[in-house]
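Presented as structure tokens, the chain that follows is alone, the form predicted alone.
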């Protein structure tokens, strides 16, 4: 799920960046340092949408660097248990498959794949129904449900299932649709 929140961060800036465009340098450094990162508490920071305030700088003794407290608005992505996501399959093996929904990697165990689908090894490993009508392979798009999450300091891991109504393959790269 996506959220628009306000976060705060202390930014260090080298004295060579001081001048008329100090604020622009701070904002560009903030975007470079923060966008695309993950905090376990808030989720993946997708984009900075605005700067609320830049506090007064504090000079660091001995280095000349200045630390500015910056309050900014951003869009974050944080998956929750029970959420339905659309993801792209990145790897298939006999244990299940891995899929990515944006920055989140989701593992779907073979126990959480419908019983009528069996693993087929070969050049392109996949899960196929007995009649061959549905196939899950690398680059397939699937709709899945998150049944568990584990949050670390800098990463979020998810377990998903496609063993439920209206879940499964959305598009198959093997067919030209």
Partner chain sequence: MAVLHLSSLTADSPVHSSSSDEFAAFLDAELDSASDVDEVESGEAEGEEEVEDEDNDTGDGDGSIDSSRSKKRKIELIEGAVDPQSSVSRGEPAETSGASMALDVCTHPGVMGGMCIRCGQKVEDESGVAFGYIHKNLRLADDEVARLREKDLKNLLRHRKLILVLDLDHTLLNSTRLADISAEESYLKDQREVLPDALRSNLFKLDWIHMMTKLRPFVHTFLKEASSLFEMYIYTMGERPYALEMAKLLDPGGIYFHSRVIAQSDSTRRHQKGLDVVLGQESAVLILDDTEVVWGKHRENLILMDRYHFFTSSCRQFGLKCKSLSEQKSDENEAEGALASVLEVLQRIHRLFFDPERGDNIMERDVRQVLKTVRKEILKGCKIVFTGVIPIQCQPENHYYWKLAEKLGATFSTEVDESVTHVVSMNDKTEKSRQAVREKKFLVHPRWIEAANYLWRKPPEENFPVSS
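Residue numbers count along the first chain shown, from 1. It should be emphasised that the depicted structure is a prediction, and the values quoted were computed from it without experimental measurement.
We do not show the form predicted together with its partner chain, though everything after this point is about it.
Visitor: With the partner left out of view, is residue 60 within 4.5 angstroms of its partner chain in the predicted bound form by any non-hydrogen atom?
Guide: No.
Visitor: Is the gap between residue 50 and its partner chain in the predicted bound form 4.5 Å or less for some heavy atom pair?
Guide: Flag for residue 50 set to no.
Visitor: Can you check whether residue 157 is within 4.5 Å of its partner chain in the predicted bound form, heavy atom basis?
Guide: Yes, residue 157 sits close enough to its partner chain in the predicted bound form that at least one of its heavy atoms falls within 4.5 Å.
Visitor: Using a 4.5 Å heavy atom cut-off, state whether residue 1 contacts its partner chain in the predicted bound form.
Guide: Yes, residue 1 sits close enough to its partner chain in the predicted bound form that at least one of its heavy atoms falls within 4.5 Å.
Visitor: Quick check: do 85, 98 and 149 each get a heavy atom within 4.5 Å of its partner chain in the predicted bound form?
Guide: Spot residues vs its partner chain: full contact, yes.
Visitor: Mind listing which residues of 31 to 48 have a heavy atom within 4.5 Å of its partner chain in the predicted bound form?
Guide: The stretch 31 to 48, when checked against its partner chain in the predicted bound form, contributes 41, 42 at the 4.5 Å heavy-atom cut-off.
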